[in-house]
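Encoded as structure tokens, the following chain is the form predicted on its own, with no partner shown.
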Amino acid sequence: MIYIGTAMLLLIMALNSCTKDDSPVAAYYEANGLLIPAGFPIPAIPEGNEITRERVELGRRLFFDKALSRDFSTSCASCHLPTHAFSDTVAISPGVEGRLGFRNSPPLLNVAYFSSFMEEGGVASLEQQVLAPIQDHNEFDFNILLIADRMKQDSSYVNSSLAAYDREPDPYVITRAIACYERTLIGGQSDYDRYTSQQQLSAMSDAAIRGMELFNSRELACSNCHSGFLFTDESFRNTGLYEAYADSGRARLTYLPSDRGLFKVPSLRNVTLTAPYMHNGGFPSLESVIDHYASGGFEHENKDPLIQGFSLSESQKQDLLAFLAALEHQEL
């Protein structure tokens, strides 16, 4: 575990200071008031789905359109609320006919940087991920070909599709436009970013600074998994949530007993906006999450050895919470 002292912190701040990038991706973000934050890399954009205004606007419209679901009841935004870092406020989100989904809706802010999707990591791209809720019985319960048929009945959708991809609405257009829009959902303007990347030493409170030191301490070891600019290493781990898991986690993909109960480490950016927590929304508050890790969790054959438990005073817990609050994007 790396302890961030004053000298190291000043070095990080110097290295992460704002620089202008002249790539086409950065140019699109800048032209639309979506500057890539200092300390964030340029997102990887797949060939053939380069970002353009037309594609983003089409994707935005589709993201909020309930016509993507069989009964016109549910859109992507129904479970990914912009005011909550594009996550939901309930443990399990309802889909068509009020059917409950399978897992807690993850936040989509900064999803452009992820290398895999779903809790078990079974989807390799945002374009592919778009298909998952459409086909799911408890979410949209629909067929992407029928969504395209609906779009073709609306001349404005046809015109937007032609402008964006030079083709009429079809699965290619739907998956790529939504993914293109999601890649613009970038947030890195938090008090933490102002403190570390923008050299605003007053941006974080004394409590948040103490909490950051706890977060990076050997005793808590939070940053062993919640590392990097997104505060996740994107690994898959069993954190001792249960002795027996109803959801097999990564084992759903690999069928390996050693992967049972392993779930993707989430980003902690905007974590104060995304309650309830864990893959099933089982913890209602960050306090309950901290209490779980302090306890060491339940014993399980696949539990990560880093989950050992620790002791915190009430004031230290409040400091840790203050640091987590400092990761909240302020311009949603």
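Heads up: residue numbers just count along the shown sequence, starting at 1. These figures come from a predicted structure and were not determined experimentally.
Just so you know, the form predicted in complex with a small molecule exists too; it's not on screen, but the next bit is about it.
Peer 1: So in the predicted bound form, does residue 35 come within 4.5 Å of the small molecule, heavy atom to heavy atom?
Peer 2: No - in the predicted bound form, heavy atoms of residue 35 and the small molecule never come within 4.5 Å of each other.
Peer 1: Mark residue 195 yes when one of its heavy atoms lies within 4.5 Å of a heavy atom of the small molecule in the predicted bound form, and no otherwise.
Peer 2: No, residue 195 sits far enough from the small molecule in the predicted bound form that none of its heavy atoms falls within 4.5 Å.
Peer 1: Using a 4.5 angstroms cut-off on non-hydrogen atoms, would residue 304 count as touching the small molecule in the predicted bound form?
Peer 2: Yes - in the predicted bound form, heavy atoms of residue 304 and the small molecule come within 4.5 Å of each other.
Peer 1: Counting only non-hydrogen atoms and a 4.5 angstroms cut-off, does residue 157 reach the small molecule in the predicted bound form?
Peer 2: Contact with the small molecule, no.
Peer 1: Can you tell me which of 149-157, 213-221, 200-208, 165-173 lies within 4.5 Å of the small molecule in the predicted bound form, counting heavy atoms only?
Peer 2: Going through the listed ranges, the match is 213-221.
Peer 1: Looking at 230, 85, 186, 178, which has any heavy atom no more than 4.5 Å from the small molecule in the predicted bound form?
Peer 2: Contact check passes for 178.
Peer 1: Does the trio 108, 138 and 286 actually contact the small molecule in the predicted bound form, every residue with a heavy atom within 4.5 Å?
Peer 2: Checking in the predicted bound form: 108, 138 and 286 are all within 4.5 Å of the small molecule.
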